[in-house]
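Consider the single chain below, provided in structure tokens and representing the form predicted alone.
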């Protein structure tokens, strides 16, 4: 036996959350040809089909692009500080792809390492993630290559499986998800399933074992020279988390803010002296890929990638984690033959 909910009842549930003052985010059409995760104003805004992957990721609901840490006001020789208003109590992300939900436990490491980020953790605590299992994928998807799949439950509180007849099977993964859906479903004999995910694009075990010794490999230049340093890969990636902290204001006061940054930007490693230890784009691409598949796993035990494909999907020159690692594996294996 399983628990199911109709598409109509699901939208009514979204409407009830919104009326109760709960902020709800999900996939919605933000342009004629673009779907993105965004805050919903009404249940009809939420799209649960007709696209492969939203343009962005759900990380921005936990780690916003711009975040005020505190305000400051300069009064003579004194500085007055003001903390930001407390975050809202409850939020729901619905219709997340499994590759997006899986990013959150991975990011938990870096935001709770030597310092526990209260802003990130508060959002994690107050947000319930309802994931929609994937029934389709495109050429850029490679979740199976990093140990996930079209219905991977990692990071999800509730998993929805699309059934025939505008119905969804509801599988509660956590207690938080169970509380959210309690009394909202019906018992049924219908069970959801998903088609096989994308074929594996590279051998993760081989690359994890090899990549640490390939810092000087020519493949970094050969495979990544076309990178234009636009940052689309990092900004649409579920797991990229580089940020800068700056003061924004004037001589009278302002705010100290946390803003997204990206290791693909030339100024990211630019020293005040003018020296840049990574002064070419291939060096910056090497850093990004090695961080995801060597540095981060060595430190936290998790690959910093969920195989969503956004990096390649939104790159103007079709460059991304998948294309770089495919080229690297081919080059390194051929070199040993």
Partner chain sequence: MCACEARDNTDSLADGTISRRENIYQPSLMEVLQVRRQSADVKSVRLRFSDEAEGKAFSFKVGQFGIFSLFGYGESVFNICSSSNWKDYIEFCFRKTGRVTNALWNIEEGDTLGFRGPYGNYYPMDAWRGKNLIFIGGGIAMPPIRCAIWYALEQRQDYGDITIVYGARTVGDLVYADELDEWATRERVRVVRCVDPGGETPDWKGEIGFVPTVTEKAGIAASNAVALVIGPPIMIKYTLPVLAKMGLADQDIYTSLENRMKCGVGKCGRCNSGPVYVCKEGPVFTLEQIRLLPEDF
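Numbering follows the first chain given and starts at 1. Computed from a predicted structure; not experimentally measured.
The form predicted together with its partner chain is left out here; the points below concern that form.
Within this chain, residue 206 is remote from the site of its partner chain in the model of the complex, having no heavy atom within 4.5 Å. Its partner chain is not drawn, but in the model of the complex it has a heavy atom within 4.5 Å of residue 261.
Its partner chain in the model of the complex comes within 4.5 Å of no heavy atom belonging to residue 199. Using a 4.5 angstroms threshold between heavy atoms, residue 241 counts as touching its partner chain in the model of the complex. Stretch-level contact analysis of 180-188, 149-157, 167-175, 72-80 against its partner chain in the model of the complex, using heavy atoms and a 4.5 Å limit, identifies 72-80. Shown without its partner, the chain has 245, 247, 256, 258, 261, 267, 268, 269, 270, 271, 272, 275 in segment 245-276 as residues with a non-hydrogen atom within 4.5 angstroms of its partner chain in the model of the complex.
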